[in-house]
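As a starting point, one isolated chain is supplied in structure tokens, in the form predicted alone.
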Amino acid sequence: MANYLLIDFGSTFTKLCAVNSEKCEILGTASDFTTVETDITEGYQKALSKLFEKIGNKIKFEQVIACSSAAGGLKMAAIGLVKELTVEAAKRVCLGAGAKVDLVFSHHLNQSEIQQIITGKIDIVLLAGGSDGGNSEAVIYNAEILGKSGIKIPVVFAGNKSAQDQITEIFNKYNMNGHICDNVMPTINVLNITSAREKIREIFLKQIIEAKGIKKIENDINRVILPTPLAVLDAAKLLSEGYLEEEGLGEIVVVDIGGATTDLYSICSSSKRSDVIIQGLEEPFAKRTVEGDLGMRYSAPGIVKSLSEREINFINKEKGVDIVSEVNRRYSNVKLLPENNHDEFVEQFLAEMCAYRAMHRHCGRINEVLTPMGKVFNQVGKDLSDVSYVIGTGGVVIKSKKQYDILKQTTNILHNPSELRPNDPEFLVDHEYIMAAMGLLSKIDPMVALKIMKKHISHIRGRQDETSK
């Protein structure tokens, strides 16, 4: 009987999911606070004890595999040439690899930006710039200045292939931890992210895991194979597309509200309209964005920073809460759990804000332009208007008594015709927080992972459905 233990070392919680592949069922789930600051095994063992209380301690696991976003997750700096092109391309590679993009720079680096990379404790630098055969001066300059600074973290070069030989010389000259990949934008507006994304994942597995303290647990598990966001992205793609004869759900959006970030994943084509002109970089079918300033605990202050003083005063008056005080309370005590109706109300309100603002940044825009030839519609970003399902995951969504209201924030509730948000999706919730686990399981048995998700990620149709639960 094939039993697997799937672990997600999250920024706030370590989550365990035990599954039986022959019966396509979840044996049990459990979680406890992540203890990466002291010894990550402490939180893991507490969660494991809770799991064994549920399923018994005689169960043997064929494999124990994990993903991780502990200790801030995979933090990257994206450096490119033109902000709208190679910088954006580099940023998308980082996000597609499951990273959090903490710093973004364009053109020639200066000493202040180098210092930000050092003090920001960046894990990997992605250096891009120039289409193949195009500008190479800037990327060579940036590699040189990084080398002179003595930076020892991994630097991945994924720019103009004409500069590869000189970049390699610079890596060797300064004894840098350098890596060469295919250009992320070999021709204008065309993305090629596979090579760089795989290199980032390889570095994560070989170096970053040890740097985050996760290597301490290697005797208890078989392997850590993915950053958590990449595991969720893989699960979302599988759930959308299906596998062999098992159908998927079609086009979906996943909103994952966590303690440190709010991540959005859209699995859909970028546009279905024949009357629009697409502007900017092509959009990936499977897209992830991460909002590092929108989170329920570590990034809670970012919620307030995204508000104007007028909005803060309005919220304090209309909602009857001191929003700044409540956010600071959560930031200073990341292990805080709601204890009363007031706490639950604030949690709900903050989650709704995270969902709304994250979708505002993730979705595409469309604008009508009058020309001598008549009306023209210009589209930037992805058109999510026809997405069939919006799926909620993350602790605050799962525990909320008003899940519908959180997920509704991803739709066009303000009827803004320029924002290409989902119009009329069905809402699903990952009640047992299994998406990251199923992303891991998809690497072993995608059919089982898909069937479990279809069985356990369930519908919410409206407020009345929630009140009747």
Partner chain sequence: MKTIVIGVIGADVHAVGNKIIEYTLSKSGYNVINIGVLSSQEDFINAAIETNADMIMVSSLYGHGEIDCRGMRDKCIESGIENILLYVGGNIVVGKQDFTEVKQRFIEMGFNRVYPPGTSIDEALTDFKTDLGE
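Numbering follows the first chain given and starts at 1. Being a predicted model, the structure only gives us computed values, none of them experimental.
Form predicted in complex with the partner chain: not shown, discussed below.
Proximity of residue 229 to the partner chain in the predicted bound form: non-hydrogen atoms within 4.5 Å are absent; the residue sits far from the partner. Proximity of residue 154 to the partner chain in the predicted bound form: non-hydrogen atoms within 4.5 Å are absent; the residue sits far from the partner. Contact check for residue 130: a non-hydrogen atom falls within 4.5 Å of the partner chain in the predicted bound form. The closest non-hydrogen atom of residue 242 lies beyond 4.5 Å of the partner chain in the predicted bound form. Figure note: of the listed segments 259-267, 232-240, 376-384, 314-322, the one touching the partner chain in the predicted bound form, with heavy atoms no more than 4.5 Å away, is 376-384. Note on contacts: among 84, 246, 169, 198, the single residue with a heavy atom within 4.5 Å of the partner chain in the predicted bound form is 84.
Taking 286, 188, 336, 103 one by one, only a single residue has any non-hydrogen atom within 4.5 Å of the partner chain in the predicted bound form, and it is 188. Taking a 4.5 Å heavy atom cutoff to the partner chain in the predicted bound form, the one contacting residue in 345-369 is 369.
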